[in-house]
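Listed next as C-alpha cells is one chain, alone, in the form predicted on its own.
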Amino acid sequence: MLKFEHVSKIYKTGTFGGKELHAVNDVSFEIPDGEVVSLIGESGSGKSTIGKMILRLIGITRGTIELDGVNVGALKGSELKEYYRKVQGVFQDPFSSYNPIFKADRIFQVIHDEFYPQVSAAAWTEKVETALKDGGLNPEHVLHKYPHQLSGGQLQRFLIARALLLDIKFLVADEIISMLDASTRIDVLNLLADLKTRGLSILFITHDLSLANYISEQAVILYRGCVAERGITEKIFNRPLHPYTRMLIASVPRLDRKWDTEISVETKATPLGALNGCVYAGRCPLAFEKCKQRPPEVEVEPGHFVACWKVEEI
C-alpha cells in the first residue's frame, strides 16, 4: 500500500525566493495493493507533482509518503535502487523518454546492466520478448528500431514493458494516453486493467473524467494542490458533493439531456479563498465567510470524503 500523510510541496518563487507556491498542500490518501486510483483535476492542480514525489524526482517539503510502511523520502543508495525495482512511472509524452540517437530498446539494456547483470544475454532477450508480448507488441516488429520509427502507442508500451521487466508493484501513469489516437488508447487502458489483475497498483493521473470512471476503483479530486473530494469512484461520479466536482462533471457533454439542464457552471468572483482557507472559494457559488478557514475532509458516507463547509446543504 502507498500512503500519503499530510504531504506538501512548496516552491520558492519571486525575487530571492521571497514568495511561496504551494503546488501540493496537505494531501492525504491511500492507494491499496492491486487497485487503480485516479488523480483528477485541471492543469496546474498538482497532479504531476504528486507523481514526481512518488518517483523521487522531486523532494517532499512536508509530510510523508510510505510504501508498505517504509518512508520513501528517507531512502538512499541501495535502498532507493531497490525502491525503483518496485515503483516506476510512464509519462504523457513517450518521445521525451527516449534518446533519439539510440535505438528504443536501449532502455531494456539499461535495466539489465543496472538490475540484472547476472542474467545471460540469451535469457535476457527471452525476458524482453515476453514482456513485449505481454504489452501487446510483436518483438519482431519493434526491436532494434529508433524512436522515430515507432508510434507513440508502441513507445508507451515499451515503457510499460520496461516496468514489467522489473516486476514492479506500483506504477505512476501520468496522462499516458492523452497523446495517443483513440484506437490505441483503449489498448493501453486494457493493458493497465490486465496489469491490475496481476496485483499491480496504479496511480492514474488524468483530467479526463470518463477515463477515470472507466478504469479506477477510487478517485481523488484535486484543486490547486488540495483534495476537494475523494473516495470510491462510483460514489463520487454518481453523487458528486463538492462544488468543484459538480462543476467538472457538469462540464462533460451528455447525450441523454441538454447541456443547459446540467448543474450550473458559474465562476462567482469573491475575495475569499486565502492560502489558509478554501482554495476553491474564489470560484464557488456557495462561498461564505467561514470559507476563510480551510474545511476538513468529512466522511459523508462510507468511502466518500468531501472537504466543504456546506456539504450538508449540498
Partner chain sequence: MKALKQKNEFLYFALRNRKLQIGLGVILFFVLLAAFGPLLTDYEPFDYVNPTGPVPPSSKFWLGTTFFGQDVFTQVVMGLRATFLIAILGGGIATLVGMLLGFLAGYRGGILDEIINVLTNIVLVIPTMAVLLIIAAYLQVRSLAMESILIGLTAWPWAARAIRAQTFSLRTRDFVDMARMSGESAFKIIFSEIAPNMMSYLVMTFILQFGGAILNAATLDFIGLGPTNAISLGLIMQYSMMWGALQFGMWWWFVPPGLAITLIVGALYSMNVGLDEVFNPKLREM
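Note that the structure is predicted; figures quoted are calculated from it, not measured. Positions refer to the first chain, counted from 1.
The next section is about a form of this same protein that is not shown, the form predicted together with its partner chain.
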Practice task
Kindly confirm or deny that R239, F288 and K292 each have some heavy atom within 4.5 angstroms of its partner chain in the model of the complex.
Solution key: no
Fill in the blank from the handout: Testing 131-139, 116-124, 100-108, 67-75 against its partner chain in the model of the complex with a 4.5 Å heavy atom criterion leaves exactly one stretch, namely 100-108
Problem - in the model of the complex, the residue from A161, V90, I205, V220 that sits within 4.5 Å of its partner chain by heavy atoms - result: V90
Problem - Any non-hydrogen atom of R198 within 4.5 angstroms of its partner chain in the model of the complex - result: no
Exercise for the section: Determine whether any heavy atom of R56 comes within 4.5 Å of a heavy atom of its partner chain in the model of the complex, and answer yes or no. Expected result: yes
Practice task
Between 145-170 and its partner chain in the model of the complex, list the residues on our side with a heavy atom within 4.5 Å.
Solution key: Y146, H148, Q149, L159, R162
